[in-house]
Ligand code: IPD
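Taking the form predicted alone, here's one chain by itself in structure tokens.
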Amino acid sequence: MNLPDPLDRHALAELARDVAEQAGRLIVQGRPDRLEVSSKSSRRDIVTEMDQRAQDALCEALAAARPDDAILGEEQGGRPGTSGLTWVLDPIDGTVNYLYGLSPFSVSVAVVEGDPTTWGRWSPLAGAVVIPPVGLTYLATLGGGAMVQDAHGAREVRASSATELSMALVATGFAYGAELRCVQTRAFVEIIPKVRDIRRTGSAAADLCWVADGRLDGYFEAGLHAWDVAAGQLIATEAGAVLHGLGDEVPNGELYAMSAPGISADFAALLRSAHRSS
């Protein structure tokens, strides 16, 4: 097998897309009539048998194609590597939606340099997000732009041209822990009068792709991990969106946000104010 060079970002992105689409087909076509469900950090934080099956399939495909790379996934499994690259996987982002038969849910696959277990110490090189319920595959390479593929073909994606925060449609999500949910709710109350409206879709990866595609003007959430955002972050920033933390800090578990460039300063200021108040 002729393996791609570690810095061939185009080949890495194609691999991310291929394995993500395979996992997307698995979770749709292989879904049993009754899903086996267990809890993780809390009773609300669930994992289904298909989360694990999809991650196992991703790990197997990536290990065959890139035997020297590390793998980090949300579910059980993964492995160390020697190449300096790590594949960061979320086999089903939006598991609660998937369980209830709602949209969206997605498969997120990214390859990063650095340590994806620590905020600020990793950087995505290539990534793909597949959103099976709507038939969309988003793809990006560092420095190479972002695109979306559907049944009609492929096109470049760009963040929205929004310039008025008061007219911005933004999305958010809520953590599973009760204490953090209370903090997020207080911030939500501060933010919602200042924007057009807020959506809660249930998939961070999909939200980031929709910021990239101009379907949303912004997104914010707390309590995230690298597997939630690694692919979507690259897709959004390559589409011209702006990444935020609290102030000028690197995004972390306290606050992670992305927005269209024309509202980025105002959105960041609003988020800082709301989180100070909460």
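Every value quoted in this text rests on a predicted model; they were computed, and no experiment measured them. Residue numbers run from 1 along the displayed sequence.
The same protein also exists as the form predicted together with D-MYO-inositol-1-phosphate (IPD); that form is not shown, yet it is the one meant from here on.
Of the residues given (Gly73, Pro132, Gly94, Pro124), Gly94 alone sits with a heavy atom within 4.5 Å of D-MYO-inositol-1-phosphate (IPD) in the predicted complex. Residue in contact with D-MYO-inositol-1-phosphate (IPD) in the predicted complex (any heavy atom within 4.5 Å), chosen from Leu224, Ala57, Leu246, Val242: Leu224. At a distance threshold of 4.5 angstroms between non-hydrogen atoms, Ala204 is in contact with D-MYO-inositol-1-phosphate (IPD) in the predicted complex. By the criterion of a heavy atom within 4.5 Å, Arg199 is excluded from the residues contacting D-MYO-inositol-1-phosphate (IPD) in the predicted complex. Although the partner is absent here, Asp228 lies within 4.5 Å of D-MYO-inositol-1-phosphate (IPD) in the predicted complex, judged by heavy atoms.
The shortest heavy atom separation between Gly173 and D-MYO-inositol-1-phosphate (IPD) in the predicted complex is within 4.5 Å. Heavy atoms within 4.5 Å of D-MYO-inositol-1-phosphate (IPD) in the predicted complex map, among the stretches 86-94, 109-117, 142-150, 157-165, onto 86-94 alone.
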